[in-house]
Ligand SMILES: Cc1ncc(COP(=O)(O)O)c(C=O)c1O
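This document starts with one chain, in the form predicted alone, laid out as structure tokens.
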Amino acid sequence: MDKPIPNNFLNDLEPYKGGASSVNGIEKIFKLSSNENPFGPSDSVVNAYNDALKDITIYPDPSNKLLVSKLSEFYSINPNNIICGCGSDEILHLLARAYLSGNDEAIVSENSFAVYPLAIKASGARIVRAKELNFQTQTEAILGLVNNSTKMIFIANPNNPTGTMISYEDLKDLHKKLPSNVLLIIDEAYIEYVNDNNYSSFISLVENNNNVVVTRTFSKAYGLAGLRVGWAYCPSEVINVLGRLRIPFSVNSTAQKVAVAAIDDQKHILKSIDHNNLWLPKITKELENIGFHTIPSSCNFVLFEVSEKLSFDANYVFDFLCSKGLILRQMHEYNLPNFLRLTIGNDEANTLLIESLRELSK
């Protein structure tokens, strides 16, 4: 019997798998699998959420004017170059849909964020992976893969799931050497957590170039993962294309208003950053004391390898910590079966984690 047939390139497309959030038989759970802010939103943001509920019967502003204006003011950037989305994921998919087709290639790093390959595949284009060195993206490796079919490059800086970072100068040099028709997308989802005075955002290069896009999110440091708010700073031509593609009301009215309140409460962001700066090195040290190989992180998580020299494997560590109510992220989806990724939690979660790790190592 005849039936509707989807595009062939969708046959091998695997849906994105988020971090686990529950364990059978364990009542109190600390979810350390999705890099969420352990504090959640601040009280002022919660108040803004409650206040926004009165308008849920009204369609949201499709131009996101209130949020765009706040972003423009806070970052001192041109509002005409800002586009908001249902998380930065929506914008990443829109970019792939707009600029890629079946005969094109898009380059990602060897251990890139899983959404990039999904967006590329969903457009029918080919994924090309650039080799990393010590889990760090290599700009020269990327340049070596650029050819006439290359239309787009996705780079997370810092990178998820590795936590590693590329210098501003290396990224700037990469961009300088790229053909002008290749769109370079820099995903700065974790920029708030970077503890490096030499780090700079790539936003400054957008206005003077027509092939650079920078994406940001409210899902990490801002603690709004459940509301799905992201944004991008783009050249005017890209803004025009994405504006025609996206659905009219992709950022709901509550999300827009709450995101504005979140920007206004920078004390909460600083509290989150200070907490991360305190616990990230502590937990990294505990992992290394056991004999795990950790990847230096500039984010709110750490990726670590369970060495074959140890008497247990990554699955055992995952199950053991789950039994304590601590859920980490398994890395099978990233073809790193011997690795686990651990989000920095609140004080209670981190203390329990350290106690559990010490018990594991006895």
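In case it trips you up, residue 1 is the first one in the sequence shown, and so on. These figures come from a predicted structure and were not determined experimentally.
One more form of this protein should be noted, the form predicted in complex with this ligand, which is absent from this view; the next part is about it.
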item: Stretch from 246-254, 199-207, 110-118, 278-286 whose residues place a heavy atom within 4.5 Å of this ligand in the model of the complex; value: 110-118
item: Contact of residue 156 with this ligand in the model of the complex (heavy atom, 4.5 Å); value: yes
item: is_contact(residue 232, this ligand) in the model of the complex, heavy atom dist at most 4.5 Å; value: no
item: 4.5 Å heavy atom contact, residue 238 and this ligand in the model of the complex; value: no
item: Partner proximity in the model of the complex: residue 89 to this ligand, non-hydrogen atom cutoff 4.5 Å; value: yes
item: In the model of the complex, the one of 150, 136, 219, 139 near this ligand [non-hydrogen atom within 4.5 angstroms]; value: 219
item: Residue (of 97, 268, 228, 126) lying close to this ligand in the model of the complex, criterion heavy atoms within 4.5 Å; value: 228
item: Heavy atom contacts to this ligand in the model of the complex at 4.5 Å, residues of 293-309 in sequence order; value: none
